[in-house]
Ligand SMILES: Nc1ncnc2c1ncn2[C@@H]1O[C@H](COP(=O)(O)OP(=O)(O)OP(=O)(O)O)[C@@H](O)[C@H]1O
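Heads up, the chain below is alone and in the form predicted alone; it's given as structure tokens.
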């Protein structure tokens, strides 16, 4: 796993030190897709760069599979970094190289991690140079994985933004890493391309077992692919947990801003108080509004609705106005509770 313990990072400046991270404690389990979400300037990118020590923490510890990175020699750190792939918002491709050569580049300069099974059943990781034919096969497999086999001889200038990011993902996977760090990897992409890249990352997690850390300021990225999430605000982790739990009942103010759209929190209603219904995948087939009308004869006003279907389950929010009559309002809540629909009255 990846574990950060009491991690802090400050940068010197003419006006005194700037605190980028303060006392971060975080554990990222193997096989998960872990989201770290926050507004611009919260410290997200600094945090992800501390994981592989591209930024060295001022205080605290970074553990990868139980090994403390801040104490290892540089030669050992370089080997560990080969086990941690990274993709960026701006792709960082080599413009003078073809797609094929961009993906091959890490194999030219690094010793590749291989797993060798011992006689006692345990697995040992070894690092060695990769041969030409093995490199060719590896690159071809990766280009097929990201759907770019037909663009192997193209140059980055001939690709769309989504295609460039697919090349960057293939390059990050070239050395067979165990971890993949994604620093705002979809921020420069349009919504449709973003969705396709997120689906690709989800496939990589399932097919290759790669643990993925996603840095983003967009909740739609987190609720699309992440299993767990941590919310960072003003250099500190203010909330963390399973995505469904944080999504349903955000505790911190920043999480509420990120998860509950401003429109929900400010929309006015002419009737009674408002209820926010939360669909977190468990009540996908509950026809809330029509059910209230059929079972109780109660018509509710929908002020806002934003739901999506992910893997056959419904996720999202709906805001309705409760009847001013207290008896009818109680029946609405009774109906929701009976059908296991999560709701919250304070918005």
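Here the structure is a predicted model, which is why all the values come from computation and not from measurement. Residue numbers count along the first chain shown, from 1.
In what follows, reference is made to the form predicted in complex with this ligand, a form of this protein that is not presented.
The partner is absent here, but in the predicted complex a heavy atom of 184, alone among 233, 218, 184, 239, sits within 4.5 Å of this ligand.
Only one of 296-304, 45-53, 60-68, 317-325 places residue heavy atoms within 4.5 angstroms of this ligand in the predicted complex, namely 45-53. Using a 4.5 Å cutoff between non-hydrogen atoms, residue 41 counts as a contact of this ligand in the predicted complex. At a distance threshold of 4.5 angstroms between non-hydrogen atoms, residue 20 is in contact with this ligand in the predicted complex.
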